[in-house]
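Only one chain is included here, represented as C-alpha cells and corresponding to the form predicted on its own.
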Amino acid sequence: MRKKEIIETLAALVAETSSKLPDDVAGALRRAKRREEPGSPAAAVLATILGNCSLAAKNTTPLCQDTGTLTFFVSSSLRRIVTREAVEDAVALATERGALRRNCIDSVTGVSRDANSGGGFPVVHYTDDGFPAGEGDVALLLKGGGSENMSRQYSLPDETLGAGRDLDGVRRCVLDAAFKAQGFGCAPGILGVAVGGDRALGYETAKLQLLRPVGSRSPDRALAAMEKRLVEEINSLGIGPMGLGGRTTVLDVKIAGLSRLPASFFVTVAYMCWALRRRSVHIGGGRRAWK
C-alpha cells in the first residue's frame, strides 16, 4: 500500500472505532439491560447508552464526547509501513473530518495540540503478539480519561487489603479497584488485569486484554476461573450502571499473567468504561477488512 492509502485506511479505522461499538460489547450491554429491574435507574441508564450508540453509528459521529487516548497496536512486521508519522497524519486527518474532538493538551504549556498528536500521542505499540479482537494487523483502542483515571496498580503484599503474593491477593486487588471506581469510571466497565511484569509492561498488557472479546476466557485455567469469579463478585457489589445501583457493575474481567522479579509483585488494573471502543483492520495485504 502507498503512504496515502495507509493514512486513509488508518483515518477510516479511527472514524469506525470512534462511532461504532463492537458487536460483542453492544450485545453485553443489551443482556445487562435485560437483567436489570424494569423501570429501574440501571435499566434506564443502559437504555440511554444503547440509544446513544445507535445514533452514533447511524450518523458516524463519536459515541462519547471524550474521544479518548488513541492506542494503536501494530504488528512488528509493519513497522516500516505503518510508521508513527503515518499514524499521526491519519489521526490529524480523522480529527479534521470530525471523527475526534480536539482532545490533546501539552502538559507543560497547557496549549491544545489541535491535531491530537505530539508529545507521545497517539500511543503506538509495535508487537509480535496477535490481536485477540480479530485477525487484523493493526488494532486501535480508544480509552476515555474518566476510565483511565480509575485504573490502578498495586504492589503485593498489601497489608491494607490483606492481599498476599498469590491469586487470592490478586483477586482482592481487582475487587478493591472495582469498588473504588464506583460510578466514576462510567460503569458498567470492563477490567483488563495484568499479574506481574514491571510497572510499564503491566499497564501495556492490562490494556491489551481489553482487545479480547467479551465473554472469552483466558487459556490459563486458573486465570479463567478467576475471571469468571470476579465478574460474579463485582456484580454482587450492587454499584450498578453509573453507580446508581443495579446488577451490572462490570461486563467482563480479563486477566493475563507475566513473569516478574522476586522483589516485585505488581497487579495492574486497566479500567475501561462501557464505551469499549476497539477495532482492528488488516492492511498488510493491501486490503481493508474490518473486525
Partner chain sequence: MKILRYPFREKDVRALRAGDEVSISGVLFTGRDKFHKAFADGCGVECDFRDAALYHCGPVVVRTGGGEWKVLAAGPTTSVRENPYEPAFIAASGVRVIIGKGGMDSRTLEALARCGAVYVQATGGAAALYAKAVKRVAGVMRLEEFGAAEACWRFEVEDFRGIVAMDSHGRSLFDTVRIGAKKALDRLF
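Treat the numbers as computed from the prediction; the structure is a model and nothing was measured. Residue numbers count along the first chain shown, from 1.
Not pictured, yet referred to below: the form predicted together with the partner chain.
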{"property": "Proximity of residue 274 to the partner chain in the predicted bound form, heavy atoms at 4.5 Å", "result": "yes"}
{"property": "Heavy atom of residue 65 within 4.5 Å of the partner chain in the predicted bound form", "result": "yes"}
{"property": "4.5 Å heavy atom contact, residue 90 and the partner chain in the predicted bound form", "result": "no"}
{"property": "Residue 223, heavy atom within 4.5 angstroms of the partner chain in the predicted bound form", "result": "no"}
{"property": "One residue of 172, 212, 207, 143 in contact with the partner chain, assessed in the predicted bound form (non-hydrogen atom, 4.5 angstroms)", "result": "172"}
{"property": "Selected contact from 124, 201, 78, 161, since only one has a non-hydrogen atom within 4.5 angstroms of the partner chain in the predicted bound form", "result": "161"}
{"property": "Within 4.5 Å of the partner chain in the predicted bound form, all of 51, 233 and 239 (non-hydrogen atom)", "result": "yes"}
{"property": "Answer range among 115 to 123, 69 to 77, 215 to 223, 93 to 101 for contact with the partner chain, defined in the predicted bound form as heavy atoms within 4.5 Å", "result": "93 to 101"}
{"property": "Residues from 13 to 43 in contact with the partner chain (non-hydrogen atom within 4.5 Å) in the predicted bound form", "result": "41"}
